[in-house]
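Shown below, as structure tokens, is a lone chain in the form predicted alone; questions about how it binds or moves come after it.
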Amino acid sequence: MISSASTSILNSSSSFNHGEASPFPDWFQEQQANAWDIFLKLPQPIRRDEMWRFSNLKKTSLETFLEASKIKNPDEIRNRSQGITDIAAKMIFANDQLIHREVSNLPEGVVLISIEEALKHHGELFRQHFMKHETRLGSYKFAMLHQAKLRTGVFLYLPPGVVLNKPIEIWHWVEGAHSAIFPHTLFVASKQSHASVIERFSSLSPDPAFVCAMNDLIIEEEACLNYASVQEWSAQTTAFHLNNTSVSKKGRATALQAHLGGLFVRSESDSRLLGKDAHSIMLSINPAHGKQEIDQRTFQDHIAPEATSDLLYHNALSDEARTIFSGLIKVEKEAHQTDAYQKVRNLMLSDEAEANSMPGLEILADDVRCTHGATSGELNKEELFYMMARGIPPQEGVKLIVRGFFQTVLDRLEEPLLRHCIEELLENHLF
């Protein structure tokens, strides 16, 4: 529940309650104050903005949302935070508070702590990478709100050469009508390190909520990160998920997003390929239903030569759901011998559903190979008839087709434990 002391997120620049001292150093508080000023000065996006084309901007109003109150029953949340059983570590946050941490299985030198602790004990390293790149896919105003209101989040640092054989699991919960949270995640994978991470975003109740989550994924030379973000927000939640990924020479980043809940979800993924032979794999599965709107904007920015990016997004739409995809592959002047791919597929399960896809290319270098495209199609009635003829009920047949449609994407996720976890979660969200 929201306490009577809660205030609107638009009424105060502070991310902390009245009388509560900030745990952050002066330089970080100054950045927060500056971000708040920028947020107030920037206009609300309008439909004529190219980065907001097709979006329902009425769903981005912040007037009714309040600062989330402290959790009163953390034990219940800990009990509900059950995902992958065989893990290296776990952190659980609720209403922007760290309520649980397990790190006993981490190798020496790995740092997995809250942002407050990172600022206190690893300030220079944190400052070097935190929100280093400006949000440039339309939600800069909301990124500034995120920075101004940030209270906590995850800091993960992998020393050079460290390989985690088990995944790390992070949970973020929101509770209370009209609660607003601002989780942040900063992962730094040093040279030749390797890790798999899953972040789970969930609602404790069906109440309306506002979420503005950001992450910075830093993959240094020859490092590898398998990352999955899975949100199961309530059907009345407005959510922003803003991602910045940087991949250095011979590094590899595989990032999958699964949007299984929410009313209005804005997802922005900005991937920078900074070194030769860098790889960025961008994946997304979205079973959109009801009156959901899932708005995804992507940028594959090839800065260095001989790098590869590959994007594969699958949307399955039923009822009156809407999806929007706008993606750009940009090949900078010196990024010769680039390989870049972008594919969006929409499976239309309802005549009332709507899919908007806008893939794009901007090539400033020679000797490149870039392909992009988007398709929309209805359910294959012959496949459905074939299954019905063998005794499979129509509803179960549709589920099987949709499951196979998403499996094509899930098979690209290299960590089997992450893939299996998402497969199980998906079963609860198929039509």
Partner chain sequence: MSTLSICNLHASIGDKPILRGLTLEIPKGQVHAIMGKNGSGKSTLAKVMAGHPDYTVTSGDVLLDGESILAMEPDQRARLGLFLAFQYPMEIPGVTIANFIRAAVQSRLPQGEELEATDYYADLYSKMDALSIPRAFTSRSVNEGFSGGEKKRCEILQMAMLQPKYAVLDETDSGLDIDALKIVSSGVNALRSPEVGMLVITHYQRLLDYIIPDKVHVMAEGKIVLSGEKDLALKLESEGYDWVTAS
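Note that this is a predicted model, so its numbers are computed, not measured. Numbering follows the first chain given and starts at 1.
Quick note: we don't show the form predicted together with its partner chain, though the next part is all about it.
J.: If contact means any heavy atom within 4.5 Å, which of 60-68, 390-398, 32-40, 359-367 contacts its partner chain in the predicted complex?
T.: Answer to the contact question: 390-398.
J.: G404 versus its partner chain, in the predicted complex: is there a non-hydrogen atom within 4.5 Å?
T.: Output for G404 is yes: heavy atoms within 4.5 Å of its partner chain.
J.: Would F385 count as touching its partner chain in the predicted complex under a 4.5 Å heavy atom rule?
T.: Contact check for F385: yes, within 4.5 Å of its partner chain in the predicted complex.
J.: Though only this chain appears here, would N56 touch its partner chain in the predicted complex if you measure heavy atom gaps against 4.5 Å?
T.: Contact check for N56: no, nothing within 4.5 Å of its partner chain in the predicted complex.
J.: With the partner left out of view, is T408 within 4.5 angstroms of its partner chain in the predicted complex by any non-hydrogen atom?
T.: Yes - in the predicted complex, heavy atoms of T408 and its partner chain come within 4.5 Å of each other.
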